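Presented below, as structure tokens, is a lone chain in the form predicted on its own.
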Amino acid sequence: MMNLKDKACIVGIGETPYVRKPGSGLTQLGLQLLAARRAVDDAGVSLKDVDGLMPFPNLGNAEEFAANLGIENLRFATTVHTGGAAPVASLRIAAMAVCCGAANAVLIPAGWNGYSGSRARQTVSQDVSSLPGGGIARDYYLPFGLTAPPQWYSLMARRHMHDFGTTAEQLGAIAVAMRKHAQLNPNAVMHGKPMTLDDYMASPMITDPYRLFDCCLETDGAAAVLVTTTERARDLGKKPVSIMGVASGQPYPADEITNRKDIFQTGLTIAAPEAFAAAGVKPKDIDFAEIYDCFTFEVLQQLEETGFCERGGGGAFVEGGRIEIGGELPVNTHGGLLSEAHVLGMNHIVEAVKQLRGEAGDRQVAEAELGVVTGWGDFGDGSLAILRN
């Protein structure tokens, strides 16, 4: 296997404002183009230097990005089809591309009108290609009322409560921590809207055990990163963030949850050991973690499967401020999908870069040197990247 440790790095980050209102003023493509241009500008390079593109699945293609950005020398283009796990998984492919000479600089954008756009289209589709579980979801989930992600993922959350005694208050501790961090982030949708555990417990039940505040935000917005080799990064102005190790994986079967031999095994269960081995570090060495928080339990589950605590120990791990800034493992220092914005996990990578550059302002983790970013997609596809300053 190709050794990629510290041979590639993130040299540019860009993001748009994140909003929840009828119309962001930009199309889905327009949002991503804005974030992409800002990432290139942040790196201090020209769009003429970009020759690789990795769009998010089903939210654009390389041809339209290249045409609109004026990228005349597009040599490398691909998309990783693992839903919300794709942005982090794309870091490995981008690193491979720049290290083997397939490209010099790879741009990875992601964004959507996830608030205004979702309200303008049909909520449940019979199109197999649009469903995480494909034909199984269409034939066995939708007819029985399992029509949306909160319902699908609540199956795992409820089973964890049954097997390990995980409580609603422990899920609430995650939601409260994310909201607390958002108060330190002016770009967060929930900035200026603090929340207590009592507020969480009083929020309406969506699909047991998920309450309203267990669920991530629907958001209009986009973010992007630019990847190049460590050697090229030496000539650029901004502090590069090294990619130490990245891996991705899928659960088995990837298109079904309830009939898995191990309902808690996800793609991250496979990816995490590989990424840590490639980086040569262990979970105890990590200073902060940006965990894909589509729902509160998925944070808890990923902490377990990543190795920050044992399986079944996630409930206790997130209590007592341990995952808050200043705690043992600050998680989602920007507020995450739960309180900053749902930008398909790309905003998690952007936040990790800010932390490792020392650019996070009031939410800066002291002496942050090593960070983890995870991705979660479809019915449990997983990815994990270990980054360092």
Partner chain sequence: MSEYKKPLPELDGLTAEFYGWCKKGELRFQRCLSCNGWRHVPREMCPECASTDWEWQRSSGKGKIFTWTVAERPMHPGFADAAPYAPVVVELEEGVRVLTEMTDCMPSDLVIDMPVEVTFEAVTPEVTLPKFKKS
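Residue numbers count along the first chain shown, from 1. Every value quoted in this text rests on a predicted model; they were computed, and no experiment measured them.
We do not show the form predicted together with its partner chain, though everything after this point is about it.
query = Quick one: which of 194-202, 234-242, 300-308, 250-258 gets within 4.5 Å of its partner chain in the model of the complex, going by heavy atoms?
reply = That would be stretch 250-258.
request  = Let me know the one among 150, 283, 117, 313 whose heavy atoms come within 4.5 Å of its partner chain in the model of the complex, would you?
outcome  = None of the others qualify; the residue that does is 150.
task = Answer with one of 131, 136, 278, 99: the residue that has a non-hydrogen atom within 4.5 Å of its partner chain in the model of the complex.
result = Only one listed residue qualifies here, and that residue is 136.
task = Report whether the minimum heavy atom distance between residue 162 and its partner chain in the model of the complex is within 4.5 Å.
result = Yes, contact at 4.5 Å.
message = I'd like to check something about residue 168: if you look in the model of the complex, is any of its heavy atoms closer than or equal to 4.5 Å to a heavy atom of its partner chain?
response = Answer no; every heavy atom of residue 168 is more than 4.5 Å from its partner chain in the model of the complex.
ask   = Is the gap between residue 141 and its partner chain in the model of the complex 4.5 Å or less for some heavy atom pair?
value = Residue 141: yes, in contact with its partner chain in the model of the complex.
key: Contact label in the model of the complex: residue 74 to its partner chain, heavy atom within 4.5 Å   = Residue 74 lies outside the contact set for its partner chain.
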